[in-house]
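Shown below, as structure tokens, is a lone chain in the form predicted on its own; questions about how it binds or moves come after it.
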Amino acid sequence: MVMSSAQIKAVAARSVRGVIRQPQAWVPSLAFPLFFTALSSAAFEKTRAIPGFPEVSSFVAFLLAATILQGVMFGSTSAGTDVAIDIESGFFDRFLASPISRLSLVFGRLAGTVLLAAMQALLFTVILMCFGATMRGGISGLAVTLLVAGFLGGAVGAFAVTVGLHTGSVEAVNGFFPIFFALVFLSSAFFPPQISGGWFEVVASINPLSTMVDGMRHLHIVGWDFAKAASAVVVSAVLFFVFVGTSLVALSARIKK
């Protein structure tokens, strides 16, 4: 069955509406990162004086990329929980019985997730710029930030969909939340790893999230840099396509059941 843009739009629209109708799913992914940023900026503002710390106007400016990363990763897991809910309720079987491309079930869901992730990134940027964050890279820097956020949201969403399709369990999808939480803190999101040194610097240097954070952060606090922007986009895009692949494999396995 041929996948059409209309089918993807329909499933994506359902995905977006489903998230909007469940504030308990998206409010924490907006409120918690902002709360954590406010708390961290108040507690660690003086760390900007440490030798080697990037020159920033405020700690809020340093945390803009981290806030986007945190919010997008936490919010995008809803794609997997929604799929699991559809499976548990039997609605997914109705999808399979309908004249709709099977690929649309994945790509439509991820399209909605990518859109919501980009909207989150834009909202975080606007809010934090009111409290000292900067966008030295201008419109180009903002565009790259939204693109990276979209790819990252799609990657996390695709991973969550993979788990949801394999297990059909909301609890299983939510069980991976601590892993995402740990990955954020084991990156350069909240503190420069070169200052910490030791094992943390080693782990952060191989964490792909650090590449995305560092790329966006450079655009935010320094200015436009093609190499930094490209590295952030490429890493997020690679993660996106890898996990889209795993979600399609999981979909095939689910259909065979």
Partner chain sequence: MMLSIVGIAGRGVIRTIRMPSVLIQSVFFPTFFFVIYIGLYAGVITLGGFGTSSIENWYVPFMMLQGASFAGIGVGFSTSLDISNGFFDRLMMSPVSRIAILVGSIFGGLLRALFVSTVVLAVGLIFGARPTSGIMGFFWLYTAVVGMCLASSCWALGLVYRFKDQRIAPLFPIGVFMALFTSTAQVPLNVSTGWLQTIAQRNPVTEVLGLARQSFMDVGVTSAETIDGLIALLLIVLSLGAFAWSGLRRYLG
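Quick caveat: nothing in here was measured; it's all calculated off a predicted structure. Positions refer to the first chain, counted from 1.
Keep in mind that the form predicted together with its partner chain is missing from the display, and what follows is about it.
Trainee: So its partner chain isn't shown here. In the model of the complex, which residue out of 47, 205, 58, 231 has a non-hydrogen atom within 4.5 Å of it?
Mentor: None of the others qualify; the residue that does is 47.
Trainee: Is residue 227 close to its partner chain in the model of the complex, meaning a heavy atom pair under 4.5 Å apart or at it?
Mentor: No, no contact at 4.5 Å.
Trainee: Does residue 211 reach its partner chain in the model of the complex if we count a contact as any heavy atom within 4.5 Å?
Mentor: Residue 211 lies outside the contact set for its partner chain.
Trainee: Is residue 41 close enough to its partner chain in the model of the complex to count, meaning some heavy atom within 4.5 Å?
Mentor: Yes, contact at 4.5 Å.
Trainee: Just checking whether residue 146 would be counted as a contact of its partner chain in the model of the complex - the rule being heavy atoms within 4.5 angstroms.
Mentor: Output for residue 146 is no: heavy atoms all beyond 4.5 Å of its partner chain.
Trainee: Choose from 181 to 189, 148 to 156, 119 to 127, 104 to 112 the stretch whose residues reach within 4.5 Å of its partner chain in the model of the complex, heavy atoms counted.
Mentor: Flagged stretch: 181 to 189.
Trainee: Can you name the residues of 188 to 220 that have a non-hydrogen atom within 4.5 angstroms of its partner chain in the model of the complex?
Mentor: Residues within 4.5 Å: 190, 191, 195, 196, 199, 200.
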